[in-house]
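This document opens with one chain alone, in structure tokens, the form predicted alone.
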């Protein structure tokens, strides 16, 4: 469990005592359930006492837009003028669920050039974001779990059902519905959220059973036509190009969870999703047990992340070219990966 130190606690209490202060919360580019869940929990907490905004570098997935007051999340790409006006008045900027400046997307320079105090709350390894304060810990399930600790330390009486539900979304999605990266403290926190009368069944249904027909068909296509099995390497690779995504009317969030599916196959310890988005090949890496797949993401694909869950990108190659490069890299690192299994 990571708690805010006394300097952070004192600073936040001072901010909250002045209702005219402006708080801006920034999730990472292409925000997922943890980024939005943590951000919305912080929004509900700070908006009770301060002016508060959530500004995302890019749009949020459709399956998260049911969350209470999620309509307040501003997509910078669609609201640049109003977002920049909000930033110009910021007293506190909270960096949520990312720890490197480039993960703020097109907001990176806007944040860097802003004179507001900056606080980072994140659970990814190797933090590098230049901030004034940070709450950083890799030994938790999610940034949402850190947000729970943050609020519980400063004002444990302030929890509402909206705060609790947002935190639960973050924890549930970043652990794959409590299947990985779960610690004993995670369940202790979840039990406290349940005690606040969150509707777990409804939250699960709205997150995991709220997709489009197109998304279901895309998933079937990916698994039946675009999944390569490298049996000797214990690896499965899904690969989708821009045209294939467009064929199935791809929307942000439609491939959420795809990369985890091949791990259900006997003998598969590594699963990788390659897909073309916004003119760049994006990659998601997953692994089981002691297979440190983040080493591959970091060394070869401009990425990084957790040992069993990482991301990367290939800006100069096509999906097919990236696939060839990836296979060669996996073969070159077969001994290393095998030793880690």
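As the structure is a computational prediction, the values presented were derived from the model and not from experiment. Residue numbers count along the first chain shown, from 1.
Below, we refer to the form predicted in complex with a small molecule, which is not included among the displayed structures.
K.L.:
Give a yes/no on whether residue 309 approaches the small molecule to within 4.5 Å in the model of the complex, heavy atoms considered.
P.N.:
Heavy-atom contact with the small molecule at 4.5 Å: present for residue 309.
K.L.:
Could you tell me if residue 44 has a non-hydrogen atom within 4.5 Å of the small molecule in the model of the complex?
P.N.:
No, no contact at 4.5 Å.
K.L.:
Determine whether any heavy atom of residue 282 comes within 4.5 Å of a heavy atom of the small molecule in the model of the complex, and answer yes or no.
P.N.:
Heavy-atom contact with the small molecule at 4.5 Å: present for residue 282.
K.L.:
Is residue 124 near the small molecule? Define near as a heavy atom within 4.5 Å, in the model of the complex.
P.N.:
Looking in the model of the complex, residue contacts with the small molecule include residue 124, since a heavy atom lies within 4.5 Å.
K.L.:
Heavy atoms within 4.5 Å of the small molecule in the model of the complex: which of the stretches 36-44, 297-305, 51-59, 64-72 has them?
P.N.:
Single hit among the candidates: 297-305.
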